[in-house]
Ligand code: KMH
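Take a look at this single chain in structure tokens; it is the form predicted on its own.
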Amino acid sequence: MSKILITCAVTGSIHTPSMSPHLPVTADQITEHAVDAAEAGASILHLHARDPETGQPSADPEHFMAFLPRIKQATGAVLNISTGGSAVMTLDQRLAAPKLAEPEMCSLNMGSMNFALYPAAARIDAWKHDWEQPFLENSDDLVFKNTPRDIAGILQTMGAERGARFEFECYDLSHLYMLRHFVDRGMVEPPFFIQFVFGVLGGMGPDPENLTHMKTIADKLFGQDYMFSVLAAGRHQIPLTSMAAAMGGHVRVGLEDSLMIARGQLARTNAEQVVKIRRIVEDMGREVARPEDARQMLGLKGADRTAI
């Protein structure tokens, strides 16, 4: 099997500070968590920003630039900046920081979808900030918007104009066909790095059968031109990423996807999850890719050609 890429999604925009005291929200915390995850074996760091005072997801380029240069200086990992931001942000807001930073890599959600977080609100007894409860509860009427026009704009703005490659986030089978559509339009060139996303309410469920079917259809649509990775929400994180590794795929962990390190036990750092999945995949005989391996495998432009 090829070398395995470990992505660490450091903070995200789904979890709120009341869910875990260990969720990184300040620039110092995000930097520390990211650097430690890279040292533990993550070759790609998937990054969102938060307001350091409230922990609320932020699209402010100043919040991103408070940690991006520090992470770049401290580690050779590939910095992968979200273009998804948060489902409550406009497209212009979501693209503000990526356009400024001109990173090697961006995430790109391959379709519009319901993005329901409201069940999590019932599990929280005390709220740290006023924004958290309505943010979660109002997601019963929330659509993450990424139309074909939006996707084409991101491919042009971040790909054609700034040379970024993409982590194509596919929450459903239809998203694979949308990616194929843009390949057929000549807007995306191989190798394709496809992230299968499981366990978000509104997307596909975390069933092993869904993973095998996604790979079957991706094989049909993209042949030898793609690599797949798996992220799974909550308690499904380690079982499905382990399955992906056994199938020859790549893996993503991090506090964006799961706040836990074991049943009933909060993870204190992102690095804990990286260490855990690294041990599992190495026990399978997989060799963990280094950042320079990731750049070669994904055809990235190099950290020296970013604006970070």
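Don't overthink the numbering: it's just position in the shown sequence, from 1. Predicted, not measured: the structure shown is a model, and the values here were computed from it.
If you look for the form predicted together with the ligand, you will not find it shown, but the lines that follow are about it.
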Residue 23: touches the ligand in the predicted bound form, heavy atom cutoff 4.5 angstroms = no
query = Does residue 169 make contact with the ligand in the predicted bound form, using a 4.5 Å heavy atom cut-off?
reply = yes
ask   = Does any heavy atom of residue 10 come within 4.5 Å of a heavy atom of the ligand in the predicted bound form?
value = no
request  = Classify residue 14 as contacting or not contacting the ligand in the predicted bound form by the rule of any non-hydrogen atom within 4.5 angstroms, answering yes or no.
outcome  = yes
ask   = Pick from 84, 206, 111, 159: which has a non-hydrogen atom within 4.5 Å of the ligand in the predicted bound form?
value = 84
note = Partner-free chain; cross-checking the ligand in the predicted bound form, the single residue of 200, 151, 105, 176 with a heavy atom within 4.5 Å is 200
Interface stretch in the predicted bound form with the ligand - options 248-256, 268-276, 62-70, 33-41, non-hydrogen atom within 4.5 Å = 248-256
query = Does anything in 273-299 come within 4.5 Å of the ligand in the predicted bound form by heavy atoms, and if so which residues, in order?
reply = none
